[in-house]
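Listed next as structure tokens is one chain, alone, in the form predicted alone.
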Amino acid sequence: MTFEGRTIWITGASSGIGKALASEFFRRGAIVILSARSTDKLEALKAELDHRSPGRAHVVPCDVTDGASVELAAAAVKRLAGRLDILVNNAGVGQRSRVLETSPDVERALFEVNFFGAVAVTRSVLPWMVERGGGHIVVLSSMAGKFGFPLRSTYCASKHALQGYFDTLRAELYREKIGVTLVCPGRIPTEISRNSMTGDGSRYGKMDAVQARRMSPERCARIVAYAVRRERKEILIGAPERLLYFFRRFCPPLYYRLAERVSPI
């Protein structure tokens, strides 16, 4: 299963699932364009990939919450690659705070990164994809986009919003050969918990104990690559979270009971 010659732009590529996806797509032959705010980390990843096969990794800094930065990044992608086959909207930020403790500014900030950032990056390349005859958009949502979960109120809401927006985009643009894969991982041991926002906007700074014991980012990336290659419309990753989703759909009373008792960290 190869992505030989495909150009793939990945936001949030400096760490976690984004970094693992960059490495996985690169291993399968893709030209990868790495974006995030942390240029140093991107350059380190590029150097690692160049050591394996030079010339197929490029760094394009991008802050998805800044419209001007997104437009500049999209223009740079066009100059560098001349084509874009797959966009991976991976940039995101987590939350670790109760509703009553979360300020409106933090709620807006979560939406700016998780929802409006993905929309902005997608809109910056979508006309180009349509003009070139098609493309594929991968959206890193979350199992939290399928149900509510303690300490994640606005995070869950932003992921629910991604589901609605990109399901609609897929339905509207299938005749233009624009595919969409929504990826819904459960807990993956990345920096997302440490970098999560608390109620006052400060960094949470800790790895969730449950999260640390779950599927590795590398295994998650392999599953995502397979799903994208098969042009799957949606994929749910993580056995415990899939079970909770099953209960939410088919046995809501049991889900409500479990959601009230499950450890949020």
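Each residue number is its position in the shown sequence, starting from 1. Everything numeric here is computed off the predicted structure, so don't read it as measured data.
Here the subject shifts to the form predicted together with a small molecule, a form of this protein not shown in this document.
Asker: With a 4.5 Å heavy atom cut-off, would you call residue 202 a contact of the small molecule in the model of the complex?
Answerer: Residue 202: no, not in contact with the small molecule in the model of the complex.
Asker: Looking at the partner-bound form in the model of the complex, is residue 135 within 4.5 Å of the small molecule by any heavy atom?
Answerer: Heavy-atom contact with the small molecule at 4.5 Å: absent for residue 135.
Asker: For residue 62, is any heavy atom within 4.5 Å of the small molecule in the model of the complex, or not?
Answerer: So residue 62 counts as contacting the small molecule.
Asker: Closest heavy atom of residue 228 to the small molecule in the model of the complex, within 4.5 Å or not?
Answerer: Looking in the model of the complex, residue contacts with the small molecule do not include residue 228, since no heavy atom lies within 4.5 Å.
Asker: For the interface check, one of 123-131, 137-145, 97-105, 74-82 should have non-hydrogen atoms within 4.5 Å of the small molecule in the model of the complex; which one?
Answerer: Among the candidates, contact is made by 137-145.
Asker: Among 87, 192, 180, 156, which has any heavy atom within 4.5 Å of the small molecule in the model of the complex?
Answerer: Filtering the options by heavy-atom distance leaves 192.
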